[in-house]
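Given as structure tokens, the chain that follows is alone and in the form predicted on its own.
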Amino acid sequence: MPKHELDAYDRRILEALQKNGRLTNVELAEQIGLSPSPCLRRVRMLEESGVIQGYEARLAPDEVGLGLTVFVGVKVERHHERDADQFRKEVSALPEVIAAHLVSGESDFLLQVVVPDLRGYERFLLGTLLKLPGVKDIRSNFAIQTVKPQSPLPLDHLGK
């Protein structure tokens, strides 16, 4: 269940802004069928309630010299909860880690890491990742090709 009650206009706002976060309020209002003032009120409400968390530019990793994406499974020592908390804190501060998830299965954490190349990953792995507290095991999976980049969240389950 969603934490916020979203009507059809809210869903259309979210769908439009996920596709193009640079829409002006007038363009957005026109696209969803509202006048600009109520549209702006709704956008602000969605921002203030935390449904909209921010606006970002999506960069092409290759174009900014980050040609290697690595999915890293990390096991941490279970009997050191303090170390696991410290691991979460330190991983969150690493710019090479663009996403981190606590997961079930073979690993405890799954990290998405971007670096310029294999040598850059070696430096990151040996110089940073393996030195984090509580790290027991690391498994690296190298992305060969991005089949589907990060996409807008599906909102169909919210109804129409």
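When you see a residue number, it is the position in the sequence shown, counting from 1. Note that the structure is a prediction, hence the values are computed from the model and not measured.
Separately, the form predicted in complex with the DNA exists; it is not shown, and the next lines address it.
Is the gap between T146 and the DNA in the model of the complex 4.5 Å or less for some heavy atom pair? Because no heavy atom of T146 falls inside 4.5 Å of the DNA in the model of the complex, the answer is no.
The DNA contact at L34 in the model of the complex, heavy atom, 4.5 Å: Looking in the model of the complex, residue contacts with the DNA include L34, since a heavy atom lies within 4.5 Å.
In the model of the complex, is there a heavy atom of the DNA that lies within 4.5 Å of any heavy atom of N25, even though the partner is absent here? Yes.
Using the partner position in the model of the complex, report whether L40 sits within 4.5 Å of the DNA, counting heavy atoms only. Output for L40 is yes: heavy atoms within 4.5 Å of the DNA.
Among 26 to 34, 52 to 60, 87 to 95, 108 to 116, which stretch has residues with heavy atoms no more than 4.5 Å from the DNA in the model of the complex? Of the options given, it is 26 to 34.
If we check the DNA in the model of the complex, which of the residues in 85 to 110 reach within 4.5 angstroms of it by a non-hydrogen atom? Counting only heavy atoms within 4.5 Å of the DNA in the model of the complex, no residue of 85 to 110 makes contact.
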